[in-house]
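Okay, so we've got the same protein chain twice, two forms, each given alone as structure tokens, structure 1 and structure 2.
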Structure 1
């Protein structure tokens, strides 16, 4: 029971981290960047590349963060900025296109589409926690999900830069009139989401392996978590992600593994029907 719970929390932590990346770009551009799952998977493949060359973990993380920030900056420049502030949500199509390109590049450069990722920390495969068995990588995932989501939640609520970023999502034109450099904020937000996605590769890879097809699945599950927790809420991303991960694992363990995705989307539909703004989202009036 405890082992299943810990496994579910670790899986949910992965979804939480994808949703936090979504929130970073949503706050400044009102764009859900569906390439976020591709960033994370690309990070796992680059982690394997760094491990084969014997890079230390510190250098690996710096390299991954720089690579992720660069890819995200290119994405914003060519796929988002030309269509920003249009009302037809064209960015949904362009970000899916970027996700597809990332998958294609990985398949082109990698000899295999599934690779094992070694954990950089403890050599022990399993640890005893509260009477259950859990890997060190899973403990790191849960820890990072809690720390990153709570830190970004505090940042957006209690710092000047965070409040300015939140103001962009509320009213971009008003933020510009108040002196906020919207273009710079948008670039930085995308680069931060890319750096986060790639740099999580050494932590996510030991749990999920490096799998090309996982990019689209992570993007979808991350969006489900975003909707369940509430768009723009990092606290909601944490609670929603951990809940979705636990639901998946418990359904797979007690029923059948083929039902786990159906159970998740049933929760998603139920939340959308009963509370469309999500568990921690805010309902706002819109003038038409």
Structure 2
């Protein structure tokens, strides 16, 4: 029971962290960046690359964050900015395109389909927690999901910069008139989401391995979590992510394992029907 719960929480933590990345770009540009799952997977492959070269964890994290910020800045410049003011949601297509490019580049550069990512911390393989078994990397994932989602939630609600970012999401033109540098905000938000995605590689990799095909799966599950929790709410991302992770493992454990995706999408559809703005999203009146 506890092992199953911890597995579900760790899995949900990965989804939460993808959804938090989505929210970073949503708040400033109203873009759901489907490349976020690709950022995370690219981070796992680069982690292995750093480990082979014997880089310490601090240098690895710095390198990953810099690489992620650069990739995201390139994405924003060439795939998002040119279409930012269009109202037809073309960015959904271009970000999926960026995800495909990231997967293609990894496939070209990596000689192996699957790589093991060593955890940088404790050499103990599994820990006993409340009678259940959990790996140190999974504990880190749960911890990071809670800390990152709650701190970004607090940041968007209680700091000047966070409120300005939220303002961008509400009305980009009004924010510009109020003196908010929307261009810089958008760039920084994209770079932050890229840095976050890549820098999570050393934590996600020990659980998922470095696998290219995982990128699309994480992007989809992250989107489900985003919709269930409420777009723009990092608290929603945390609750939604952990719930989705737990639903998956408990359905697999106690019902039929092949129903786990079906159960998640049942929850997704139910939330969309009963509370379209998501569990923690805000309902907005449409202005005509």
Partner chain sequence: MNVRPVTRHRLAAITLASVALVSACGGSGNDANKSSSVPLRVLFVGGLTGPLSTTAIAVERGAKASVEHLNSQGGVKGRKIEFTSKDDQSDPTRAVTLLQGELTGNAKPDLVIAGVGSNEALAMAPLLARNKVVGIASAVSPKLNDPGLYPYFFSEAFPASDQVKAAAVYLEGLGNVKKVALVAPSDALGDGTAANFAAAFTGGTIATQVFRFPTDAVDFTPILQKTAAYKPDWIYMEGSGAQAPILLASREKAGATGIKTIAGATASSQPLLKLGKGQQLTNLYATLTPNAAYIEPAKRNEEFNAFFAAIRSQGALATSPYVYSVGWDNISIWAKALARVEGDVTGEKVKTAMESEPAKASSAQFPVYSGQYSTTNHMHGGHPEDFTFAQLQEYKDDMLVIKPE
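Residue numbers count along the first chain shown, from 1. Under this definition, the rigid core comprises the largest set of C-alpha atoms superposing within 1.5 Å between the forms. Everything quoted here is computed from the prediction, not taken from an experiment.
Assuming the other structure does not fit, state which one is the form predicted on its own. Form predicted on its own: structure 1.
Superposing on the rigid core, I want to see if residue 59 changes position between the two structures - specifically a Cα shift of 2 Å or more. It does not, since the residue 59 C-alpha is displaced less than 2 Å between the two structures after the core fit.
Does the C-alpha of residue 257 move 2 Å or more between the two structures once the rigid core is lined up? It does, since the residue 257 C-alpha is displaced 2 Å or more between the two structures after the core fit.
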